[in-house]
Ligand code: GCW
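In structure tokens, one chain follows: the form predicted on its own.
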């Protein structure tokens, strides 16, 4: 089988791996517009990159590959200028030409990772303070070329808005991936450190191209074995490979590691022996990996061990680890995802546990907060912690892998969801105190800041399972670099690089992507419904679920449907979770008649006959949303079916088949949910809608076995 694939690659290079999705947004296909191609060639003649490090070698290789592919002409990247050189790149001190076109103020503005691109007629200059910055500048320039943008008259001074731009892999040492829908883990721990898969190099290239500068290699449900010497040597092999690409490695620390691999009797964070054990372990790590980033920790949540096992606080646990990594400039990212049966509303627990600790964490600790208060649902209000912890830097955690968004079968562009949260005003310091300003540190003047995305990467040939899931990986990097970018701009970039620059294709597919999230919300959880997925694997609807031991593990806990109405009352007449927000935010949501309807059932138990802004009753509005969601995904399917003439048949067919599944799933969601909620509302589905062709009992008897990622 391998020999056959190799022969195809040689004979038919245009139909090789580049069009099965493996090359992501780095395809570098020849520019089809001859006028643009002619213009570009003038700006990149006899390209030179100054320097002799591994990073510079990577830049030269990338430029040679890109310029040759985009122009259809072989390019050799020089190390010194010749008379014909019109493209010059390197750190500002490497050449008088480079230093002469930048100002001291510009160099201060770009810091260690930013870059400067300036063009003159027939001349392109890319420079930075560091070679990593030059690399980012080169990738930005290549992005302009791939998307057919003008590359004359440029004066770009760009620096990332976030210091930490990370992927969080939920990968286990046995190569399974928790909530992973693209195959097994790309980390082949069994063969490391001696076998370095080429995929690791391409992974680093892809991340560097979008500015991601860190990767947490292991699952937050941590395994202490990763901290043993044999596995640290495997981690070192990856760290050494990633370093020239500007990527640091991080590990998840299992809080009970001193017991499990250190043979201690306790993991109490204030115990001197425990502290010494961690200090020695950290020293061992840094001796192998001098630029090790630090630890990500999930503690006292979903059965994970933590400081509360010893009647200590999250701050006690985080600070112990922070002290251990501080001498090496390491950091600790302590997750705020906690829940137990101690709270009367799972929505409130993270705030209840972390708000009292504000200001008590060491300066090299970030509290990593999920975008919403529950768990990566299709739509959530922002977590109250983002407006509450003014003395603690908070790091955003988004989920790229689509655990609650149709998993590997549904087309969902997540950026509109991310932007919705980032742009929301917390009012923590008056109007304009957006979540984005909390996360980037500008609101409270924190230099330590960051954003993480739970990885959707696996060993599938196209990396992410669904061809469009690649866009969410791409978008994480772009938003980390500049969260001011619009959803439309990011979608446009990705489409042009990944598929085609054809205007008709770009505009149609961009429309599909931009409406995909709202479409999914409508056919899954409209009007603020939440967490009504199947227990365990979370694939498909299960609003009737009520068999698990803990109330907050069951869907009925979240929608509270009864004969009166539906929704979770979080106003003062209910759990009063609204009190965790500023008074301005409370006023937006506390009135049932004024609450934004996208979040209505998050905050109110609403009567079935409540009149909505449309003039429909709540029940009729719920029906309208579910049916609109199904109609919208059918329309998306029809639009995609017209795109076959623009792209390769393999990726077109892959998406087309998955859209077929998505349409069926949307109908399943609509019918199952409405039939179930109808048992409480006792109201008919409006006459204009096609009635479900199956009974509620039929849907309740559906069983999904062996769902991936579970």
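Because the structure is predicted, anything quoted here is derived from the model rather than measured. Numbering follows the first chain given and starts at 1.
The same protein has a further form, the form predicted in complex with the ligand, not shown here; the description that follows concerns it.
- Just one of 371, 475, 349, 219 comes within 4.5 Å of the ligand in the predicted bound form, counting any heavy atom, and that one is 219.
- The single contact residue among 376, 386, 539, 361, judged by any heavy atom lying within 4.5 Å of the ligand in the predicted bound form, is 376.
- For the chain shown alone, residue 337 is a contact residue for the ligand in the predicted bound form, at least one non-hydrogen atom being within 4.5 angstroms.
- The ligand is not shown here, but in the predicted bound form it comes within 4.5 Å of a heavy atom of residue 302.
- Among residues of the shown chain, residue 178 is one whose heavy atoms approach the ligand to within 4.5 Å in the predicted bound form.
- Taking the partner from the other structure, the ligand in the predicted bound form has a heavy atom within 4.5 Å of a heavy atom of residue 170.
- Shown alone, this chain has one stretch from 403-411, 386-394, 112-120, 224-232 that lies within 4.5 Å of the ligand in the predicted bound form by heavy atoms: 403-411.
- Residues of 264-287 include none with a non-hydrogen atom no more than 4.5 angstroms from the ligand in the predicted bound form.
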